[in-house]
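Alright, two takes on the same chain below, each alone as structure tokens: structure 1 and structure 2.
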Structure 1
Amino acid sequence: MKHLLTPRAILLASALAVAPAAYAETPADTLVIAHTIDDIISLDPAQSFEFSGNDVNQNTYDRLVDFDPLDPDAGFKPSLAESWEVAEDGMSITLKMREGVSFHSGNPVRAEDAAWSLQRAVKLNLTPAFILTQFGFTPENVEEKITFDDTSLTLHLDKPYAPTFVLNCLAANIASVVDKEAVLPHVEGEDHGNAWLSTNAAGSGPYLLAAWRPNEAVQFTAHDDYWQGAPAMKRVIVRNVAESSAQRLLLEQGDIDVARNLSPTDVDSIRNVEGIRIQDEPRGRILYMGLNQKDEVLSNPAVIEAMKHLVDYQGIADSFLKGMFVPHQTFLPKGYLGVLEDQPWTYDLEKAKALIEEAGLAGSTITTRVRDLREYTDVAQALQASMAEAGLTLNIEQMTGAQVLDAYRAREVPIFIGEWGPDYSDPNTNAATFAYNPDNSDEAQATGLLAWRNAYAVPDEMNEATVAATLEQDADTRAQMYLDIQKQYQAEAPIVPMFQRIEPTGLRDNVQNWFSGRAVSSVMYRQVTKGE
């Protein structure tokens, strides 16, 4: 499959681009989307770790388990695996394959394909491989650890992990099931088909990849024999439109059905426009404030408590972060198993000032570095103003994202303002970085852990609870464990979750059942319909 637009697709895209506003209307069976898609590096599920690439794969492949776009809060559900059984000792999970499912090629979807797909992802060991290798799989042992027979595959784990932990990870893009027989003729050396799959698709999902022109467009055609029913939208065209204002204009004119990258200003300008509606969905990214415990002022428990009351959560969300973030004060995003939705911190200058004065630290000065991204600098400046009223001086040095990240990973940023996004849809993805740091020494170089970056010596009790939660077999008990971890974290941790990102999507009124993926998945098109 070549990544070139067909003549028919080019004519359709051109017509949509140039049609006058008075006559513009997308075809009834076609969904046209404006989105920034210039981040696609590869379409191989074993490599793709960018938002737009994952959006493509979510629709061209199936996974063993997945989320229902019409009921995402229900958690993962059976997909290509119709059921699963956990061994009594918890050391293996056997997944029974659904019968009668075919790849786009017409080849049957087999347990062999599912096992091979996971094995090749581990062997390639590219960026997202850790999602699978954290269960003890290595390139050397994976063929022994992931086995199959005619009807099922079995994952042999190195520890008795929580079934919900394993299954949530099997809903990730890297666990997409690939058509082995379609890929094998395209293998080059030891690349396991990576070069070919980077620009082609070999899945069983609701859509076929019809064309991809990098930085321009992606086109999909419906898989009419899809096992969950043929999608209503027979074609989906995603156009790369970088500017929010351009997306807004296209939406107003009816040239597109969906605008995915609207700025707060553009959202406000069209919120009440006839024929358009705005749909807000929570995403997984958490905007947080990290207080480096190497700083003698910020390591004082009274100052940590004071800083939590120097953020005007609602005021910020209603002003310069309006339409982008909502207040959220726990490290698990809304939508995750065991999320705590308590918001115990309020903006209270008097309380913060009293705490700082009682600690004898009024008049202290802190100099920090902030990435030169508008929302981050705006939050930092708001914090700077409230700190000044409470008796602390904050000096801000604006730098590039790379400069700030390098300093942050070297534990050299006193107050970090930035975001963290989950890597997969299980609570461990955030608990293991915010609430886990078994070795706080500089020598540990645990740069992947936010707790380590902020020199937060996580209490042994919390470290142990975070590990124990990955092994808890009962889902309800596991959810309660995360609630308890978050409560302890809120009470004492110097890394302060403040907001959860939301994604406002502009839709024509006739577009129904749009699902951007929320905090747990990527965009899905198969359930979308268009009314009159």
Structure 2
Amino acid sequence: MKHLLTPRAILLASALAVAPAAYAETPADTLVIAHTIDDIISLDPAQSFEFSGNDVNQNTYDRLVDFDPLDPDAGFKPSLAESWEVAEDGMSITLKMREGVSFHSGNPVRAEDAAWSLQRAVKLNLTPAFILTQFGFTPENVEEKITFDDTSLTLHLDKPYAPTFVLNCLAANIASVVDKEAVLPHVEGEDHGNAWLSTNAAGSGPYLLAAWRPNEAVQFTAHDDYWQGAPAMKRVIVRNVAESSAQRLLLEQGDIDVARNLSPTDVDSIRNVEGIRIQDEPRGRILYMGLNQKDEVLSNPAVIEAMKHLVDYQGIADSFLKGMFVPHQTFLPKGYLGVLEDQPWTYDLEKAKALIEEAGLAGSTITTRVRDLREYTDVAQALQASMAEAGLTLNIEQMTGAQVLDAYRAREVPIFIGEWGPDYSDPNTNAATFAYNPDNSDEAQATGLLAWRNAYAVPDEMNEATVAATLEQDADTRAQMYLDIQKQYQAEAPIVPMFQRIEPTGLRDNVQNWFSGRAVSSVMYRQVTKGE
């Protein structure tokens, strides 16, 4: 043991340690991104329903229609489907496939692949399947309802849905077109290739999946024969970095090109740092407060009204949520068809206090559970303070996301503070969960509906309006229908949308055309370039 104790080893170690190993810049054809990617549980488009999983699939697969990263406001555009036609009765849509496109495997992309991809998603019936099954597809009938020939694919619907509604759903991750011939050898039993696709990719997208190590990193290499042209970035590496401060340090040191989870304070301080640029993009997530109608106090209309005035919307958005959220008081995110611009509620302690006293509820105590995520606990604490001023005591229990979600689905969270992200780029995605709840009984177990989780008995006419809006063929009329629903919602609903997410992305100056996906899509890398 003794001879090991020479100082030489220590000297050697410290010499090595001091040697500079940090690289000032990443290679010109490589894009290096720090992001929290620990939510990925599967890369199968029929299963993936997490932000990071969809981020991966967006780049490894193509869809029939898709968004243009350089012009996202234009809405969905033709992608693997070159054009489409709606039948006169509105009961079917036929999409013509683009020719000459091939998968990463070299197989041609056929209408058969597209049909098979949609069919397997319906048959597997995993969580995101509702995006497709809402058009009347079931595992039993899907082979008759989704048909194909050599050049085109036809969807037979159960009702004459608005074409924008159907096509927006085809732009969703679950409608990614999978390489049937490449997957078939890996099918195990009845899994339609789910196990294999969970960790592998078989698409035609601009990038190939080079590696995925859960909670660590995802790597992509460029698909040089991509039908829209080879991507400029030959290699993309996404590394899981959980801490904002760590992401910021990496960005400042030039070890990464993109930091995607910067906290507001970090964003604020590096906004003016040389060599770094912040790009703000509105995302689809809505931060809202759900008031559970099973709670005696919270079901009082006066309290509902008061609560809407107890949130310091501007104060919060200008302080601890600065750069992450902007005040937004309707359930549709900005960027969606028919979004309402009105902001009727203001922070008004006196009014809230008067309302609560009038209702005779001053002195009441509410105990709620909040996910242990920074933004939520801070909002909850701000609310706690203003409620105290207005005569209500709020007790907060911090829990993990899974625990809170569990209780929320069991309708046991009195005041829920959290986010809702749209599932697809059509307004129905949020309308159908915020403003639709046909059966408010416990037995209904409509755990997927936010209105049900908050025990909000949506009035019949609102339920009907929500359904009717999905069938309106004319886009302008449809937009007006959503405006009306949102107005009524703001007036009476106990679910209070408060903020819309803004995603600040920290970029090295030379990174151009970054696109995080806005409110409607996921991140895309193919258009990104790095200048000098």
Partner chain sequence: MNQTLPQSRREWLLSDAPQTRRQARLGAIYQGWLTFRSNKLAMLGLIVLVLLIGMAILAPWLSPQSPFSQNLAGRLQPPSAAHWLGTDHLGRDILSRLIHGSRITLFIVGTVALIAPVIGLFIGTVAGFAGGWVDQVLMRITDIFLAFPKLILALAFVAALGPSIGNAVLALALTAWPPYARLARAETLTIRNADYIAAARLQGAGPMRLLIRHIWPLCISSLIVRVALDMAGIILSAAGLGFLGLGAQPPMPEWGAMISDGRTYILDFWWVAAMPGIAIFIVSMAFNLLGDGLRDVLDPKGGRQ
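Under this definition, the rigid core comprises the largest set of C-alpha atoms superposing within 1.5 Å between the forms. Reference numbering: structure 1, starting with residue 1. For clarity, every value in this text was computed on a predicted model and none was experimentally measured.
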Between the first and the second structure, which is the form predicted on its own?
-> 1
Treating the chain as two rigid parts that move between structures 1 and 2, state whether Ile131 and Leu321 fall in the same part.
-> no
In whole degrees, what is the angle of rotation of the smaller rigid part relative to the larger one between structures 1 and 2?
-> 13
In Å, how large is the CA movement of Gly360 between structures 1 and 2 relative to the superposed rigid core?
-> 8.2
Core superposed, what is the CA shift for Pro301 between structures 1 and 2, in angstrom?
-> 6.0
